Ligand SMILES: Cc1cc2nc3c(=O)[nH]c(=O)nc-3n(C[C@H](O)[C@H](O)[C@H](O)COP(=O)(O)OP(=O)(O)OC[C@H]3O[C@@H](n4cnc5c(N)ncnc54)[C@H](O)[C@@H]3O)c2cc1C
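Only one chain is shown below, in structure tokens, and it's the form predicted alone.
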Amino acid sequence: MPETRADFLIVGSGIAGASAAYELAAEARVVVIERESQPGYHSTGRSAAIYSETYGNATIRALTTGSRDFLLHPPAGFSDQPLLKPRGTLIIGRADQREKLMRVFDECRKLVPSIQLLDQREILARVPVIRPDQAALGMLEPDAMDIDVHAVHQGFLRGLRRRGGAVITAAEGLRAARRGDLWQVETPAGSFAAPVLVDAAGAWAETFATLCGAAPVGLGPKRRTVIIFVPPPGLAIADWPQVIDAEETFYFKPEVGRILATPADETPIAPCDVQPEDIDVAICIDRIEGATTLSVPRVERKWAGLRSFVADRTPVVGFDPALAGFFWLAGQGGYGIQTSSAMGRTAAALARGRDIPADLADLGVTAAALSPARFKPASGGAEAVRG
């Protein structure tokens, strides 16, 4: 079988790989290889994402804000339906959590001036099932929105193909090596080569990087559990915001006539086709029933996904400081969908050897904050590692 060559070879077709591939394909030949039989099978396909500009650290919030216009007004042909729909997010706190919630409010309103504080009466008027002792104070982000994850992901993949790129499934990277000016990757679907190899393998990103000879960055996959249950008959839930407690030990939101909930668990786990554990489902039910008057007599559906982080919970995006042509695109955690447009643009710019896009730089996104060099000393100049 002849070797397939490209300018950029991307490993992983989840939201990170898909968005970067879409942007890179505007100017270059891009091939994406995927170990599974379909794109986005793991984290992306199991995401219960919401667009929230108050979620995550400063870099994540900046990337989220930088994605807003694209997600609200995608280019023609990207999607036949809206990518975002109004929802709102409400963070609630007990009396003993007031100080913490006020700190979050003061920090977030610098970037999101529309957020507002709610008192107990206002909280219960919006979500009457919350127990009063859990709702001494609330922070409402009225412009937070539900994300159609499938439409966003497929839009990037469809756009990639329209720009001449390709996605090859059932193509797990079994061997990889740098030979001369090219990375060569052997897979069950054939051989692939490119001067730049982009590691967007999600929970498997560090595993693949090790195969390539890169030093680890401390990437850790973590299991998150989600359940769906039916609300009590006659309870009007459609206009509820997503509700999160101040310590982020649970959240819940309406989901097509049902209620989606999670205990916000982050259990370290090796990369795998992760499944929900009964104990986490039970913890979720206990937390929801403890904070609200809702009862969960039966779980209609349950699943688990992987969210991968490094220690500072900021994505790892940039050329490896010691491995020519090897580009990290990993550690999106639970923020990959809401940051997807800005992250794709950022990754594409850095992979081309360019500066962060000006509008994102103005929001505070920096190459240094994302660079894998923050985990290890560089050995060689930028030109050498870019290859």
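Residue indices: 1-based, along the sequence shown. Every value quoted in this text rests on a predicted model; they were computed, and no experiment measured them.
This next part talks about the form predicted in complex with the named molecule, which is not shown.
- None of 159-167, 75-83, 115-123, 221-229 except one has non-hydrogen atoms within 4.5 angstroms of the named molecule in the predicted bound form; the exception is 221-229.
- A heavy atom within 4.5 Å of the named molecule in the predicted bound form is found for exactly one of Cys284, Ile244, Ala171, Ile259: Ala171.
- A single residue from the set Ile33, Leu323, Leu350, Ala342 has any heavy atom within 4.5 angstroms of the named molecule in the predicted bound form; that residue is Ile33.
- By the 4.5 Å heavy atom rule, the three marked residues Phe8, Gln184 and Gly318 all fail to count as contacting the named molecule in the predicted bound form.
- Using a 4.5 angstroms limit between non-hydrogen atoms, Pro372 is distant from the named molecule in the predicted bound form.
- Interface residue remark: Leu360 is not counted as part of the site for the named molecule in the predicted bound form, having no heavy atom within 4.5 Å.
- The closest non-hydrogen atom of Gln338 lies within 4.5 Å of the named molecule in the predicted bound form.
- Contact annotation: Ile15 falls within 4.5 Å of the named molecule in the predicted bound form, judged by heavy atom distances.
- Contact residues in stretch 273-308 (any heavy atom within 4.5 Å of the named molecule, taken in the predicted bound form) are Gly305, Leu306, Arg307.
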